[in-house]
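Coming up are structure 1 and structure 2: the same protein chain in two forms, each one given alone as structure tokens.
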Structure 1
């Protein structure tokens, strides 16, 4: 599976001293967080598995202090759990957890779609169109990590277009908690779910172009419901094959 973290480990350039150091440090933290989040979401560590801090430090070319700062953010997002004096482990979700989380996400995205149709600009629709076709290219090349990153940007763009900060904050909180399983759900039913999701995104874009609020709301709700079914199916597949295999990711 492709990962944003190279096998050999390419050290992240530390910030230079002097003017702009604070901005560079923030950029460094962001890059560490992005790579680490993708690494966990893509299933490189099994559910319930301990986070290999030493290995990740070597792969990223960083010390444990910035790594642990990034782990704190991932814990707040719900991807991992911090263990007192024992490091961290990838959070493991039950079927009931998935059902509840995806239902809440379906409601949030449904509302976001309705509100977005009332406030979105032509420029924002054009930007989402560009993301859609970029995502489609990744789908054709079977590049799941890149597809998933663009996919998340599309959903986040629709939420942002709703112009509701409370909704945006709530969405971000729940999105982090199911990011890993949302990624792995595309592997259910031998890639059939991936193709279904791509067709659903075509319908999402079409409704958004027409600013069809009720239609887009319904499509997004069903899109998340379908994702929920695939996620639960993938969870069951993983349980059937343990301990020989591990989960593919979030």
Structure 2
């Protein structure tokens, strides 16, 4: 009974025949890596759930070799964890893990702001200002999803303005790690916190206009710190089960 591919060809995502255009991977394992990363980040596998190789192989229509290569990379990225002889599991993020992740994100954005002050152009600032006002509109209309989307664009604009591809990549990596959590914590914001966030964003813009690197660095860190508090509180309320993952003794 070696029906390796009983109903293969049922891809996780629509068969990437067109190759969306964002970034293509020539090799199979690269393709698999991109798809698996999204698959896991979008929460298709429950926290701590097993990642069965065989099943995924059938689902993706590939053999185990490239899949296992992709799993190793995902483990290195921190999305999953590999237990010796016991397969891969979706990494459970304890509350502490989340706090740490948010803090590192805060540090990266803080750095981005600092660097941005050195290199950002007036045009880029104008673009961020436009985003800011657009976001303000969503805020007034209490349109949380749109607000959140623009908010993310602003932060990404700051990271982009830092002119540091390494930072950008690292930032994206960490953003991917908490993506799974964000899916449920996006709307953690209370009204109170929302207004506060708007004020902070105005301060960010102000510091950016003046190219006040240290100040912007501080503001951004605090801004993310407050975000962290909101998210953590929200999660603490919503979930009773706060798994204590084995802290990877790095």
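If you're wondering where the values come from, they're calculated on a predicted model, not measured in any experiment. Positions refer to the first chain, counted from 1. So that the term is clear: the rigid core is the largest set of C-alpha atoms that superpose within 1.5 Å between two forms.
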Matching the form predicted together with another copy of the chain against both blocks gives structure 2
Once you overlay the rigid core, does the Cα of residue 47 travel 2 Å or further between the two structures? yes
Check your understanding: Superposing on the rigid core, is the CA of residue 105 displaced by 2 Å or more between the two structures?
Key -> no
Quick check: residue 132 between the two structures - does its CA shift reach 2 Å or more after fitting the rigid core?
no
Cα of residue 67, core superposed, displaced between the two structures by (Å) 17.9
